[in-house]
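For this one, two forms of the same chain are given in structure tokens, first as structure 1 and then as structure 2.
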Structure 1
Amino acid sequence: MDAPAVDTPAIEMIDITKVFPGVVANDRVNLTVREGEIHALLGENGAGKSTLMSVLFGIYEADSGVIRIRGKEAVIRNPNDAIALRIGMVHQHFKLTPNFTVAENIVLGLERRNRFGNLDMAAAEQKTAELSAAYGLAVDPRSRIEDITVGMQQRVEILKILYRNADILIFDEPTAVLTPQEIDELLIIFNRLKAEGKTIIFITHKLKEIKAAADRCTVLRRGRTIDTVAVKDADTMELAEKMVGRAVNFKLDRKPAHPGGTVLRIEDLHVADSRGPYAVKGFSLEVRAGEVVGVAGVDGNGQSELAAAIYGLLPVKSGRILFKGRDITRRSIAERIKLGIAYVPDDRQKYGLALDFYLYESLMLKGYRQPPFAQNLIDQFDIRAENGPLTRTGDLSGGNQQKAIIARELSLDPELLIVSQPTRGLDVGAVEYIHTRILAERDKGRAILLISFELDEILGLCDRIAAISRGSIVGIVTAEEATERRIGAMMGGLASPEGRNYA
């Protein structure tokens, strides 16, 4: 392949249109990415960002428009065409085989064989180790995928595309499932890749990450290109307004709480992990009416199991869960719902919704004995659905799926709302709406238990904050005592930077 001219862009996507039944996902979109830059793609949920990158990687074929790679027009009908053009993509939901090793996943489809025709795993492991060392990824080629962290799995995905000699790297929502520490590490990796001459496009909703990592940013809204800006010249308010088409209020109006009686009391709770050891150990906490209590911690420290046990999805090994003084430790989920407990799970698609159901069916799942008020909920919670109540739930954007779950749970008029990762992967407009709604429910007197990996979210919404590490509470602080440094230290297992225990 001839070397492109110095000023030739790495990628030009010109007037790209992609239509699905009833939806124009990309409407004459234009995108230009320079060689060796980190380029962010910003937009609301459903703005067409992932569709556009899927067109570039050959998952979808554009209905019209032109793609040029390094100055030459390219026809990309499938991912093999993209890989041949040295384009690689790391998807939001990783494409790894859990019981294979790192090296086995990386070479899958490109397996080397020795002179006897057998798989040469030693060579594959050596090549993986060399790539890992070259880019500072620190991945063990012999580890099994099921035994490593989500952040490390993402590094394996990066190694997969580097192994295939990609120099245009696409990342779809790369930080949606990462802890704050892993996000910092990923942004360092981006800069290493850029220093090696790689061109990076990453889709994100997080304006802080764009400011930290990107050179330029292209904004999409409702399937159209709005603008491309140099990140150093743009402030977050400007980017947010371009994204949602209106001013966004980043400062939450959190009035002082006026807590009432204790609604939820957890006493010395122990919950087992699926692999045997306890995920939750000796956990004790109270949540009162009219307050938001946050559980802050790094992913994998028992938060998911804690929420599931309170709601009845996991059995309790020992300890008690009391709702308004009544022991519900062994009560069924149906009884807990009837008593007034609602749950927004951390994985909306796996646990929160039936994706093949119509929207009206998803909205009335727990209230099927009552008259359905689907259209009222759609209007009240501003759920944007192409075909109204008859929209397939799986066709909604992530933000609208989250609104649907929250609408359904609040329609039950609960006294206790358990909310886990409420804004994971959502754009600033949806985040603003959900945060405002959580505070409104608190002010109505609901007791809210909020579980989040986002420190900004915890600090912005919570009246009291409990830090969890290895399944146990490290300490509890009030909103007035809380700082990012203090909560971060507690999440790491320290009582506080000063050594004081706030439990």
Structure 2
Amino acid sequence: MDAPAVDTPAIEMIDITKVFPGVVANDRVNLTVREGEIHALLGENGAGKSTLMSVLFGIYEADSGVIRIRGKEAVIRNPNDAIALRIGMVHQHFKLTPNFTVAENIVLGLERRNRFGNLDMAAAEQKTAELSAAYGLAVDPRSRIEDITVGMQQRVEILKILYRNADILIFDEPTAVLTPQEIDELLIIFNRLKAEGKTIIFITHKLKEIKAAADRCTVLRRGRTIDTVAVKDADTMELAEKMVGRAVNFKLDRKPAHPGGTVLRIEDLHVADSRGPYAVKGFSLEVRAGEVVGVAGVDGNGQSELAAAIYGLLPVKSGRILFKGRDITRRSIAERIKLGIAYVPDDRQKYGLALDFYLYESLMLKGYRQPPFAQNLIDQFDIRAENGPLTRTGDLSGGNQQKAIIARELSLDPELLIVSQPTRGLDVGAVEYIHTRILAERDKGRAILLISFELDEILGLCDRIAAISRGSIVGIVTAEEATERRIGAMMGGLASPEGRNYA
């Protein structure tokens, strides 16, 4: 055998086509990834990014096309074939076992046994510790998955593929679940992996991240390759345009707010937490008609529990929730919906959608309306669903599932809208649309409570901003007073690096 030439690419995907019923998800796609580079994959929601990576990792088999790995043609029929080729993938929804330890999860499936036939956990823990030291992936091998933050869980996923000797690492939207701090850390980890000679492909919708970490970027649109560019020469506006096929407006047009009466009033709220005494502790806040109030904070400081309690998903220990002056603290979720409260949860797979339902059913879960209504929402929100209302919800791309939840909740025309991470996983065009819609709801006189880890989003949309830390409010500022630095200081001041901070 000839030794591969020095510049043999790590990956060549040539004319890859993958068809699902009703949709050509990849249409003769070409992707070349150089050995040792960080290669970003950019494209609007439904462009075919996850599908392409699933073909590379053997989750799907392409209908046609050729894959070469390190210069050699490869047939990748399943993930085991991919792993044998030293390819690893970190999925957007982690596949860890919550009540197992870090080390147990890492060796799951390839347990080494010692000479007595018992699991050799000591060896696994040692190798885990070595790998985490080598790549700066700080984790405690003995912690249980359920006790560590999302950012840590992601490190476990990375360790898991390194443990299997992967040197081509695929990440499908790794930053969508992370806080800004964790994102910075992940990008540092990427660079460390690259320095060790690893090749990285990562999918993201954030042009900032591409600029910060990637060497080259391939843009997909509607199943096709549009271009591959060197990131340092690329302008972010240009990239965005290539991706959505039109100019994108990054600057929101926000008119002054005209707040009316109080719609939501939270008084000294306490909500219990499964691990500590309180997730929400003495929280008070008001949201008036016609204003967007933001809750800014590091993940794990009680914001999910706060939203869930207002919607009725979590019981309140003490304190009150008032909706237009009425005490709803003990009301059922159904009653709250009837009163005019809508909720876009952050975990769309768990609380947001029934994946096995048709899209029209998902869009009407609460509205009980007619099918033309579903088509109308699909058009308005540009939900890319090849079989229209009859698409299975779970077959939608990640971002399109997110659009479906927002469409459904906004269609209820709620008086109070609670939105948690509304644009997570959305492409820049969709973000622009959702932000415009949220402001339109505000201008119609709706009260909006926005929970987001993204300061850009908070600063772009909110009229008032409350910073939350350890389940309590650290301070409230108006849009005029708010600067990135000030909010960052407020939310960061009391938080530990782990971000899980229940007193």
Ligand SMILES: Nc1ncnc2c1ncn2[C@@H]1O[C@H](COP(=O)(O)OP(=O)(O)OP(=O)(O)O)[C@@H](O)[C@H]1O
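What we label the rigid core is the largest C-alpha set whose atoms superpose within 1.5 Å from one form to the other. Counting starts at 1 with the first residue of structure 1 and goes up one by one along its sequence. The structure displayed is predicted, hence computed values, not measured ones.
*Asks:* Would you check which of the pair is the form predicted in complex with the named molecule?
*Replies:* Structure 2 is the matching one, since it is the form predicted in complex with the named molecule.
*Asks:* After fitting the rigid core, is the C-alpha of S132 off by 2 Å or more between structure 1 and structure 2?
*Replies:* Not so; S132 is displaced by less than 2 Å.
*Asks:* Determine whether the C-alpha of S397 shifts by 2 Å or more between structure 1 and structure 2 once the rigid core is superposed.
*Replies:* Passes the 2 Å threshold, so yes.
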